[in-house]
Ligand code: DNO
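Shown below, as structure tokens, is a lone chain in the form predicted alone; questions about how it binds or moves come after it.
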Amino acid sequence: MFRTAAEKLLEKEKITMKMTFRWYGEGRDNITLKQIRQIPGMSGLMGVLDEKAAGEVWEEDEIKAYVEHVHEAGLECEVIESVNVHEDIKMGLPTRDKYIENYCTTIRNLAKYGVKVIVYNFMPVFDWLRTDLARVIPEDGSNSLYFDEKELGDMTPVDIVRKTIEDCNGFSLPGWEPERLAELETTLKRYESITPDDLRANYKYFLDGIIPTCEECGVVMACHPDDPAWPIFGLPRIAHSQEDYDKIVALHDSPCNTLCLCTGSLGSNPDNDIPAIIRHFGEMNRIGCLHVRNVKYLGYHKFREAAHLSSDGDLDLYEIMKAVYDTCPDTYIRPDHGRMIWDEVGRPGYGLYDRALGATYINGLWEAICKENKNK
């Protein structure tokens, strides 16, 4: 069922990456499946059931309805995101066992309907953080997600939560679901006594509890990195470098314990060599999927999200895709956060137009790399 990196390379003529798109579901996304299907080279979705609270079981009838709706549009649904890990698991509370049991039930239910990869994260409280959801880019008048640590100033975590929710154009944002943040102050207080090593031990307990179910069902877990790639508000964060991920894959040695390599999250720290990290974990067969985007460095702990075109930011998308081709060519990829362009109004970071351009650009790089290697 699981192939080594060497076996993948031998089969490269038969396999290729699958281009996917994040979609929030009917009535929760202003982008339609018909529009996604019309993007050249689009094979399917990285799907979301973001109305489900962390710790809840994803019921079979809900999954069946979602997947069948996607299939009717001519798209696959082999990757699911936002099966959120309950904070009690991350904090190692006595209640964690029931939430781990629920997680295992969800894994089994998703597997029944063809899901092969589950993207999740182990970030305390905040899945990701920006100080501006629509910072205007002076060069072209578009806007994009932006972070400047100095702008946090005297803001508390509660302040940044309120600001983020106010600025999201009425859409829910992944990791900022109201039910997850309802007890924010209590949760933050509990984390004050939790060290990175404590969090890592709680992570191992979680993986030990779910990976046997994954192996039984043929489902791969793919851990998303911290975003941005450094500690925030004094919270312990343990997934923002190659060293961190080496520790994570060692917590439970299994081909089902992989990473979702987000080039923009890891790439927010210029010390992270993204192509090298892809090669490192691709050769280990530990990349479950990738989120591919570009970032523009503007100073220390200061960046904005850029168009996917390499020259518009500071990441080399050609070298990134070459590393994917060489080490994990059968992976799932989606164009990650895009700018808001052409007067589009929508969920910040998740508009249609710039992500569609990103998918087309990535597919163009992929075609060129495939042809380059075929002619060698």
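All residue numbers are counted from 1 along the displayed sequence. Because the structure is predicted, anything quoted here is derived from the model rather than measured.
The next section is about a form of this same protein that is not shown, the form predicted together with D-mannose (DNO).
A.B. asks: Can you pick out, from 257, 268, 121, 106, the residue that has a heavy atom within 4.5 Å of D-mannose (DNO) in the predicted bound form?
C.D. replies: Exactly one residue meets the criterion: 121.
A.B. asks: Of these, 224, 90, 304, 237, which has a heavy atom no more than 4.5 Å from D-mannose (DNO) in the predicted bound form?
C.D. replies: Only one listed residue qualifies here, and that residue is 224.
A.B. asks: Answer for residue 283 alone: is it within 4.5 Å of D-mannose (DNO) in the predicted bound form, judged on heavy atom distances?
C.D. replies: Contact check for residue 283: no, nothing within 4.5 Å of D-mannose (DNO) in the predicted bound form.
A.B. asks: Within a 4.5 Å heavy atom cut-off, is residue 337 in contact with D-mannose (DNO) in the predicted bound form?
C.D. replies: Taking the distances in the predicted bound form, the answer for residue 337 is yes, it comes within 4.5 Å of D-mannose (DNO).
A.B. asks: May I ask you to check whether residue 84 falls inside a 4.5 Å heavy atom distance of D-mannose (DNO) in the predicted bound form?
C.D. replies: Output for residue 84 is yes: heavy atoms within 4.5 Å of D-mannose (DNO).
A.B. asks: Look up in the predicted bound form whether residue 355 has a non-hydrogen atom within 4.5 angstroms of D-mannose (DNO), and give yes or no.
C.D. replies: Residue 355: no contact with D-mannose (DNO) in the predicted bound form.
A.B. asks: For the interface check, one of 159-167, 206-214, 183-191, 74-82 should have non-hydrogen atoms within 4.5 Å of D-mannose (DNO) in the predicted bound form; which one?
C.D. replies: The contacting stretch is 74-82.
A.B. asks: Among 22, 291 and 350, does every residue place a heavy atom within 4.5 Å of D-mannose (DNO) in the predicted bound form?
C.D. replies: Every residue of the spot touches D-mannose (DNO) in the predicted bound form.
A.B. asks: What residues of 122-158, in sequence order, lie within 4.5 Å of D-mannose (DNO) in the predicted bound form by heavy atom?
C.D. replies: Heavy-atom contacts to D-mannose (DNO) in the predicted bound form: 123, 127, 128.
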